[in-house]
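One chain is shown next in C-alpha cells, namely the form predicted on its own.
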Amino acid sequence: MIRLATPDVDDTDIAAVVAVLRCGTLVQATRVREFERRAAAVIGAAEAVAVSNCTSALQLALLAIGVGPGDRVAVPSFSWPATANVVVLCGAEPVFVDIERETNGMDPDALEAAFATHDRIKAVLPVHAFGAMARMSAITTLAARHGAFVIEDAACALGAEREGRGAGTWGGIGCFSFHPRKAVTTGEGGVAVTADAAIARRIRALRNHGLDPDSATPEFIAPGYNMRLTEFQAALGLTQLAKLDRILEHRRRLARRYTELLAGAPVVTPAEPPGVRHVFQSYVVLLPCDLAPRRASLIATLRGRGVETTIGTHHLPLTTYFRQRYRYRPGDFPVTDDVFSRALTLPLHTGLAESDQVTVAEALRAAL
C-alpha cells in the first residue's frame, strides 16, 4: 500500500527520544525550553510556547485574549473541526466564513460580509489550508478595521510564506501542529507563537494548571489546564526541526512532480501563485464536478489498487453538531460546498519514491 503519509523519523530522532527516557526527566524541562527557542527562531517569532497539540494552542490562544461567552469568532467553513470546536469550548460562537478557491482559505470578501452582519466578533481565526497561506494582508486589514484580534491556525503551514512573511507571524498569535501528518512531528504536539510577552506568559500559565511561570515558588494565578509538552516529544521536535529545510524542499519537489504527472488529467492540481511559498502538507486535487458524488467509491477503488487517499478536509457548517445547532444547509457556503465535494488528497511524504508517484498518477487516471 502506498501510504497517504508517514513521518520522517530516522535513527537520530530515535536516539534523542531514548536519551530522554533514560535520563528520567520527562516533563517540561530543558528540552522543552530549547524546543521553544528553536521553534521561535524557525518561525520568526519573539515567543513560542510548546503545548500538547495544536488544538490546545488554539484554545489557549483564545482564552489568553479573553474570548468567552457572548463573543463571536470568525472561522473558515472549510477546515479540521478543531478550528471551530475550540471557539465553542471557550463558550463563544463561531461565525463561519466561506473560502476562496485559489487558497482554500478564508475569503476576505466573505469576511467583510460577516463583519457587516454579525456584531461582537472579537477574533478572526484564518486557516492556512494544506500548507498554502490565506490572504493575510487583506484579512488582517479587515480585522484591524473592526477591532478584532487575529489568531492564525497555521497547523499545516510551518515554513509557508506569503509576500515574504512567514505563516504564524501575521496575526497576534500563530498556532502550529506537530502531528505525524505534518512535515515535522513530535507525535502529538503544538506551539503558539507571539510577539507579545504578556500573551505568552498567560498561555504558559494556562497550559500548566495556572502556575505562574515567573514565580520562584509555586504560585497559582489562574485556573489552568494540563496541556504540557513532554521532554521526549521536545527532543524529537529538535531533531525534526533540524531537518525542516530538507523535508520541505523534498515535499515541494514531489508536488511539482505530481503536477507534471497529472498534466492533462481531468483534475485541478494545486496552484502556487506568485509571492506564495506552499509547503504542501497535503497535495489536494479537485475532481471533475460530475464525479464528486462518487468520490467515496473512487477512494475505495484506489485503495484496491494499493493507493491510500482521503478527502481534503471538512465542511464544518454541515458536520452534525454545527448543522443541528445553527441550522446550516447546502448553499449557505457555496464555494465550500463545491471544494469539499471534489477535494481528494494524494499520498505525499519524504518516503514516497518517484515510481510510487507514477503508480498513484496512473491509478488515479484509470479510476477516473
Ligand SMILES: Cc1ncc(COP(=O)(O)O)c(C=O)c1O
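For every residue, the number given is its place in the sequence shown, counted from 1. Predicted, not measured: the structure shown is a model, and the values here were computed from it.
The following text describes the form predicted in complex with the ligand, which does not appear among the structures shown.
K.L.:
Answer yes or no: in the predicted complex, does the ligand come within 4.5 Å of a heavy atom in every one of Tyr258, Val284 and His349?
P.N.:
The answer is no; none of Tyr258, Val284 and His349 reaches the ligand.
K.L.:
At 4.5 Å between heavy atoms, is Leu58 in contact with the ligand in the predicted complex?
P.N.:
The answer is yes: Leu58 has a heavy atom within 4.5 Å of the ligand.
K.L.:
Please determine whether Cys54 contacts the ligand in the predicted complex, using a 4.5 Å cut-off between heavy atoms.
P.N.:
So Cys54 counts as contacting the ligand.
K.L.:
Is Gly105 close enough to the ligand in the predicted complex to count, meaning some heavy atom within 4.5 Å?
P.N.:
Residue-level check for Gly105: no, no contact with the ligand.
K.L.:
Is Ile203 close enough to the ligand in the predicted complex to count, meaning some heavy atom within 4.5 Å?
P.N.:
It does not: once the ligand is placed as it appears in the predicted complex, Ile203 has no heavy atom within 4.5 Å of it.
K.L.:
Going by heavy atom distances of 4.5 angstroms or less, which of Lys182, Arg251, His278, Arg207 would be at the interface with the ligand in the predicted complex?
P.N.:
Checking each option against the ligand in the predicted complex, the one that comes within 4.5 Å is Lys182.
K.L.:
Which residue among Thr194, Gln233, Ser79, Gln240 has a heavy atom within 4.5 angstroms of the ligand in the predicted complex?
P.N.:
The residue in contact is Ser79.
K.L.:
At 4.5 Å between heavy atoms, only one of the stretches 147-155, 270-278, 214-222, 96-104 reaches the ligand in the predicted complex; which one is it?
P.N.:
That would be stretch 147-155.
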